[in-house]
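A single chain, nothing else alongside it, follows as structure tokens in the form predicted on its own.
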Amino acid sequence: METLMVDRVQSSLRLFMYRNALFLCERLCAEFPSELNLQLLATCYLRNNQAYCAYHILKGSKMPQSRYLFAISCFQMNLLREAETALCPANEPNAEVPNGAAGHYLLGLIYRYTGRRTCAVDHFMQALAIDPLLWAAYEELCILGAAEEASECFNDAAAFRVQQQQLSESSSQNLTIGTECQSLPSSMALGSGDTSPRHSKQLHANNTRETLSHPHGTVMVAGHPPIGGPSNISQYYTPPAVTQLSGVAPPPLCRNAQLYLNAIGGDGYTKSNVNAVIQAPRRKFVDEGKLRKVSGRLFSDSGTRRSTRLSGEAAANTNSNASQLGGNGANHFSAKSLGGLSSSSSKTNSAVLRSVTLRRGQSWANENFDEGRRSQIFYDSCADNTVTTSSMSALADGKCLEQDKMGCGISAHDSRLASGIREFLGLLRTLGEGYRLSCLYRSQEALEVYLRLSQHQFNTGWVLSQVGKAHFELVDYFEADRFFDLARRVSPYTLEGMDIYSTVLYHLEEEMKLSYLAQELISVDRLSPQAWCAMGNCYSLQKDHETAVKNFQRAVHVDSRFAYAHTLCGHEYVALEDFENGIKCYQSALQVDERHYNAWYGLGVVYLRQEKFEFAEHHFRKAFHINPCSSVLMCYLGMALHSLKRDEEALEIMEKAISADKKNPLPMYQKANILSSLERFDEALKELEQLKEYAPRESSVYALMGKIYKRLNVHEKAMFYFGIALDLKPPAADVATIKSAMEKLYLPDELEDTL
């Protein structure tokens, strides 16, 4: 009953029928309380998103699997200290982390979210050492900026470890099959009342199907198989004692069968059947002609001591047995008792029963049968049983021959396995190196790596989203939009990178596309942070910052470990000039991911606007250290340095920003502004003339040119550029400043502190 209930629970889990699994598993634990069954119940709760239930039923458990499941429930409930204690008990400092690579990966996540980066990196590395195919561990190392090159992680040594793991699993499975193959003939010879060749084939086929019902060809009898794997009731079926033996049948079973057969068919049938049983493991084929000649000697020699004793026991009860078998019900009784004798035994049975009817009450030991007739009866019985034995042996030999062929083909199988492992690790090397470079914000290099992928791998939602992210980091929003759109077409329900896509559309001011994206993501999964980030960006583009804040807060509530939601919420607070809450949001993002450079940048902007220039420089440098390829970060760092009167350093960093992205107008403008403050007007005007090529409709460029010409006392050109700046419809604050400068055009140095 217990194994049946366990199988049904696991079947329900595989079919995603979690409520049914919970109900059955609760009944299981009530009927058979054990920690193994509690583990299964906890698994049901975790699958049903009821981590708190798993937490309560496993609290205090000591088995490794129980501690692992308890740690999972604690992690989902954000009880990270308890999760760590479950995996690494304080009173057992040398205790092994449960579940190997998975346990180390979970422990790495706990250390990461509690701010212990070094320990997190160590455990992620251990997880990869145990299981080189654990992509999630390598992904976390990339996020932490501690990943080795993919060629080092997914190398030949990793391929060798994977191959050894696969071969060890395969050898253990083949060993189990081989053991069953050896025990198969005797179990078939003793496990059935029907000894016909046809029935033996059916038994052999049934046993083979039961054995192969498990995906690896093994039958699991004790313990619970892995959750979620293929399962069959044969995994929990313990065969009868007869089928587990090899060789001769156990004396009690054989003695009972022998006495019964003596009572029915006489000594000849007994001897032939015993002889068939003894000959079964020998797997020898006897020619029909030879069998006729040696039948008498065969039955007199084989199994002498055993058949003599059994014949003696049968002779003592001859009269009573014969009287019970007499009459019209004899055949019916024998067939019913033996489960139906086959046609191969029918001649022996009919002859013997006829003799019993004619000579009722006489002992078979005193009968003088005609020698030829008796030999014929013996021959028929022996031949049929020998054919049965030969058929069973042939089938068993065929199975073992298949195993031998499999053994001979191991080298070919190993070569195919090694080739497959190398190909798979090669794919992981390419994907891993691209992802590592992307996390290091070496986006151009990452794009080149992704282009090495085959077409069918490149045109997947995950890869296209990564390519879109790389273009986003390169401030190439049009290309980012194109690849994110392709990712949506390939995988319409993907959520990977959709938060970044919404920001791309925000920068492109694609209000309609952004609104459509937000609605689509909400319809796909209302409980995803990406959906609410897209909705927040939609409202932010419409300048409805209060509603945008509410949507970003909802994204945080859905997943508090989603760093970008915290950062976007901080941006909205800064837009509302609520700097205090903005700082809190940025700090929350950094607690989740200390390499989230957007949060460092946000803090730098807040401190720059608050004129805390030292703090601003510090935070901009932190962001720049994480993402050294961003021209925007370089530009803001230069602005902070310029505010600290460190103009030469500021000019140097501005040059780097311009070289990093020649299409970005911001560093060129800031460089011209710094040159103007240093009274290097000609150089400043030269930069601004170039800038007009990239941003011909940027009003601030013309306003700065007007300011420089005013400083040079070229009033006509100054008025001309101020007029162009007003025609380009600048923001309201800039309009007031420009008009004031035009009114005070002939007053010296009036615009220096206002523009």
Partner chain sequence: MATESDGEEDTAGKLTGSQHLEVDDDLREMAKKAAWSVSSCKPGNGVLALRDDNLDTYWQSDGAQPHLVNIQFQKKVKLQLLVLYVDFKLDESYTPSKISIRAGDGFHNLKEIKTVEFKKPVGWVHIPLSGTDPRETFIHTFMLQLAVLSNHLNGRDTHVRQIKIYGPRPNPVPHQPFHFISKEFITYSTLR
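Because the structure is a prediction, the values reported are computed rather than measured. Note that the rigid core is defined as the largest set of C-alphas that superpose within 1.5 Å between two forms. Positions refer to the first chain, counted from 1.
Another form exists, predicted in complex with its partner chain; not displayed. Remarks below refer to it.
Engineer: Could you tell me which one of S465, Q530, N537, S73 places a heavy atom within 4.5 Å of its partner chain in the predicted bound form?
Structural biologist: Looking at the other structure, the residue within range turns out to be N537.
Engineer: Can you pick out, from V605, L495, I130, A150, the residue that has a heavy atom within 4.5 Å of its partner chain in the predicted bound form?
Structural biologist: Exactly one listed residue reaches within 4.5 Å, namely V605.
Engineer: Which among 555-563, 97-105, 442-450, 498-506 is in contact with its partner chain in the predicted bound form, heavy atoms within 4.5 angstroms?
Structural biologist: That would be stretch 498-506.
Engineer: Is R697 close enough to its partner chain in the predicted bound form to count, meaning some heavy atom within 4.5 Å?
Structural biologist: R697: yes, in contact with its partner chain in the predicted bound form.
Engineer: Counting only non-hydrogen atoms and a 4.5 angstroms cut-off, does S740 reach its partner chain in the predicted bound form?
Structural biologist: Residue-level check for S740: yes, a contact with its partner chain.
Engineer: In the predicted bound form, is there a heavy atom of its partner chain that lies within 4.5 Å of any heavy atom of A703, even though the partner is absent here?
Structural biologist: A703: contacts its partner chain in the predicted bound form.
Engineer: Would you please decide whether L666 lies within 4.5 angstroms of its partner chain in the predicted bound form, comparing each non-hydrogen atom pair?
Structural biologist: L666 belongs to the contact set for its partner chain.
Engineer: At 4.5 Å, heavy atom to heavy atom, what parts of 612-635 sit next to its partner chain in the predicted bound form? List them in sequence order, or say none.
Structural biologist: Counting only heavy atoms within 4.5 Å of its partner chain in the predicted bound form, the contacting residues of 612-635 are F613, S630, V632, L633.
Engineer: Taking the rigid core as the frame, does A695 move its C-alpha by 2 Å or more between this form and the one not shown?
Structural biologist: Indeed, A695 is displaced by 2 Å or more.
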